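Single chain ahead, written as structure tokens, the form predicted on its own.
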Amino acid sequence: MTSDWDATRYDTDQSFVAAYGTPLVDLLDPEPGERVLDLGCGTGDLTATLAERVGDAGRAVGVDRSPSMVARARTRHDGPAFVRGDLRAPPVRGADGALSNAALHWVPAADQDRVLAAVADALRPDGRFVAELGGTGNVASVVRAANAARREHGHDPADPWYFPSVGEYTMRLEDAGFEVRRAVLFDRPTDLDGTDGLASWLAQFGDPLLGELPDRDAVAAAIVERLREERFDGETWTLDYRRLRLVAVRV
């Protein structure tokens, strides 16, 4: 999993991530006095919204692996507890609900079952879990362009993220001790900010595609050029996001 991010860039160029996660709060439907977790909280916008809903900021806990994200979340939002931690070991037990937005696809497939078991352990019986992550086919155009650019520059293809199907992830949740109440895969074309939106997106999220390549900048530029006609209208880059949204209850 990526361990650090450019938190300032995340709040400016990638503010759409938290904005698209707002409906998850309504799906979780936290009640006053409940204790809730935001797993992979980023810079804390959804954690702050959860805190407002439960009426006691200290009962909303945001967890993120990135030190820069946690530091910025603490600066931007008074009240909620922000903890640097691993999703494989949430720092709370007996929570009433947990939310995860755009974080689980960063967990390697081999670690998914461990993470979901840890989420179940963090919840009380009948505790709710709401999550959204990239689903099968997410940003397929970017992956295709990246692997073509990698081959063009003499590198092997990359298989960077875990984007599961509905059936696959439902089974994982059930094996972890959840009853799945809702699971849906849907297309969500996503606009990026600015005429350099794709370059900024690759700078922030592209490590799994570009890694430690010695010619990283050249490969990134080649990806942008390969996608320019398909994904750029002269003003805005639009990526082919596909999201998997899930609602589950710990049994």
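All of these numbers come straight from a predicted model, not from anything done at the bench. Just count from 1 along the sequence shown to find any residue number.
Another form, the form predicted together with a small molecule, is not on view; read the next lines as being about it.
Colleague: Within 4.5 Å, heavy atoms only, which of 102, 173, 130, 95 is in contact with the small molecule in the predicted complex?
Modeller: When the small molecule is considered in the predicted complex, the option within 4.5 Å is 102.
Colleague: Find out whether any non-hydrogen atom of residue 178 is located within 4.5 angstroms of the small molecule in the predicted complex, and reply yes or no.
Modeller: Output for residue 178 is no: heavy atoms all beyond 4.5 Å of the small molecule.
Colleague: Contact between residue 134 and the small molecule in the predicted complex at 4.5 Å, heavy atoms?
Modeller: Yes, residue 134 sits close enough to the small molecule in the predicted complex that at least one of its heavy atoms falls within 4.5 Å.
Colleague: Considering only heavy atoms, tell me if residue 112 and the small molecule come within 4.5 Å of each other in the predicted complex.
Modeller: Answer no; every heavy atom of residue 112 is more than 4.5 Å from the small molecule in the predicted complex.
Colleague: How about residue 231 - does it come within 4.5 Å of the small molecule in the predicted complex, if we only consider non-hydrogen atoms?
Modeller: No, residue 231 is distant from the partner.
Colleague: Where does the small molecule sit in the predicted complex: which of 159-167, 144-152, 80-88, 114-122, heavy atoms within 4.5 Å?
Modeller: Stretch with heavy atoms near the partner: 159-167.
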